Structure formats: C-alpha cells, structure tokens
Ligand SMILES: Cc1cc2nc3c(=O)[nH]c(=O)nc-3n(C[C@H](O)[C@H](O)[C@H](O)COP(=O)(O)OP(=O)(O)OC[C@H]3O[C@@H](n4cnc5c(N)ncnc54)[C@H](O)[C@@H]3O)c2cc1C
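Next comes just one chain, in structure tokens: the form predicted alone.
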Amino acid sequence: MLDYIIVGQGIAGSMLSWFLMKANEKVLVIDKFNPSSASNIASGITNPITGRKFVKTWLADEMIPFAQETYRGFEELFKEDFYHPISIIKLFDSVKAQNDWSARSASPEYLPYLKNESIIQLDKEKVKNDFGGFEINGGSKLEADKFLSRYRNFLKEKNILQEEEFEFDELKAEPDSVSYKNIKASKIIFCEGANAIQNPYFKFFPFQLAKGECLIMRIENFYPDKVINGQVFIMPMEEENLYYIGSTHEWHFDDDEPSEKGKNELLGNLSTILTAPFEIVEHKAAIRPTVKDRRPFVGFHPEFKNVGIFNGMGAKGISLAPFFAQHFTENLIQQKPLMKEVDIKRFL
C-alpha cells in the first residue's frame, strides 16, 4: 500500500511529492500534462519587495533562502541550470512613491534587500523612468517549465507517475485509507491548481480563480540581466533578446484562452515604461488559484480525514511551494501543527 497519492504535478504537487519522498514515504503522482497550466507559463520570479507600498513579501526572510536551497538542490540532482539570481529594478511613478520608499527603506529589516540606498536612473532611450527607481537584492527566476519537465522525467524514471486525468468517481475514501481504481493509499492530497474548483471534496471552499495573461517579446539591446518592474514587469528569458511581459490579473473571464482585452491591457501598461522598439512573439494565458486572504490552502477535509489539499499558492507559488511543502510534510510525518495562516480550518 502507498502512503500518499498526490494529484497534480505543478509546482505545488512537485514540491509536496519531493519532500514526502525525502521523508521515505511511498508516493504516486497522478497528473495529465497541461502545457498551459499556471505553473508551466509562470514567470518564475521571486521578488522580496512587492506592490505599490513596497511591502516585504510575507515570510521573505525564511521562504526565499529555503526556496533557493531547494532549487539549487534540484540543479545538482538533475545536473541542469534553471534557477538564477536576478536584479530587479522597481520604477517609481511619482515623487510620493520616492518618499514612501525612502521612509520604508530606513527600516533595518529592508536593508538586506537593497542593492544600494540611492535612486537610480535607467537609459531613457529604453525605459521611461522620470522618477527613477531602486534596485532590489534577493530576486531570482526559475525556468518553471524546464524544471517541471525535468522533475516529471524524474518521476517517470522512478515509475511513480501515472499520466491520466483524475476520475473522482473512482475515488473511495475509507476511515483509515483511500482507494483509486486498483491503487490503495493511506491518504490522497490534491494539488490541482485551478482545477480544484471542480473538486467535489473542496469546491465549497473559498477559492478565487484569476486569469493571467502574458506576452513574449523580442526587444533588441535591452537589459539582459535585470527585471524592470513598473506597471508591468519586463523579464529577460534564456533566449537572447526575448522578454517575458506580465501580467494581467482578471477575476471575471469566460475561458483560459489569450484575449484581445488582455493583450491590449498589457500593451497599454507596457507603454508607460518601455520606449525601446519591440516585436510580439507569443501571447499566453492561464488560470491561477488564489484564496481570498492570499494565503495557501493546506490541510484535510473535515469529514473525509484522509483526503487533503495543498493549493492556493497564487502568483507567489514558485517561492511559497517549497517552504510550505516542507511545512506540510513535517505536519504529516512529525505531527507538527500547521501555521494558522495556511490551515484550511480557518475557513471551517
């Protein structure tokens, strides 16, 4: 009998299955590959300071070093590079923003994330930055699609990946175990991303799905080693002169396809910061799972005690998933309590 069935192999499912295997648990991952999933088209950026108010990311001091250690470990295991430190330039849009940042940056807790304390100016032939910006330490980017593909191959090599659409009618939850088709396990944990909204065990929880769209652009002679963050962010990709432009955030949508509305929103926001010429190469869209309090969704069903969920990582999933996969694993194996901020009991 297995210890865990993990449903989904996005960032959340990959991380949870990995930490459970490291704890010597017997795991099977069930997943039907979707190249347009939120994990596969994610920018992969980790940014320690975000938003208009320049707030330090929740748990940044613990979460970012842990994510770095985790992805570096995967690079050593797979003998491939897909995790890169990167400088992030946050642009000011007003004198008020400059003043807000000056007040914020005086706090000692922000000093580790400052490249320097002075306002910097970029080339105005490339970027509109009348008010300048500041440079952030501790940023990184994960080539998410590359990592997920390599981890998927790893699961195949271990013969612990079952490639199929999960069929809920085939799942039977017993008091001390679960069974799916001819497979029996102690527990099953759903890491399905946006598909959780269709999960009969968890669809009554307060998920909020958000559609995000991005553009891939060709920009000659731009900034190949920096993320430029304004109304949108411009992130260099691995191929020379290609940049990821993202992203929109839409609560009301009809499908997961790229839209003219999303494209126009991206181009409009891009026009506020980019002065260099560009060429659109590709337009992508995906649905992200979020929770109303912007915290992950971790724990077990109140009635079916062996049916769990690990979801709701949202736009920060690249950095959140490693930390909370380890946290959930410690809860499962060592009975350490879950953080109240992520425990699904907060909604019960």
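What you see is a predicted model, and the numbers here were worked out from it, not measured in a lab. All residue numbers refer to positions in the sequence shown, first residue = 1.
Keep in mind that the form predicted in complex with this ligand is not shown, yet the notes after this line are about it.
Under a 4.5 angstroms non-hydrogen atom cutoff, this ligand in the model of the complex has G44 among its neighbouring residues. Among residues of the shown chain, G308 is not one whose heavy atoms approach this ligand to within 4.5 Å in the model of the complex. Interface membership of T329, defined by any non-hydrogen atom within 4.5 Å of this ligand in the model of the complex, is ruled out. Using a 4.5 angstroms threshold between heavy atoms, K32 counts as touching this ligand in the model of the complex.
For the three residues Y244, P289 and A315, a heavy atom within 4.5 Å of this ligand turns up in the model of the complex in every case.
Of the candidate stretches 275-283, 294-302, 54-62, 23-31, only 23-31 has residues whose heavy atoms lie within 4.5 Å of this ligand in the model of the complex.
Site annotation in the model of the complex: the residue of G262, G138, G193, G133 reaching within 4.5 Å of this ligand with a heavy atom is G193.
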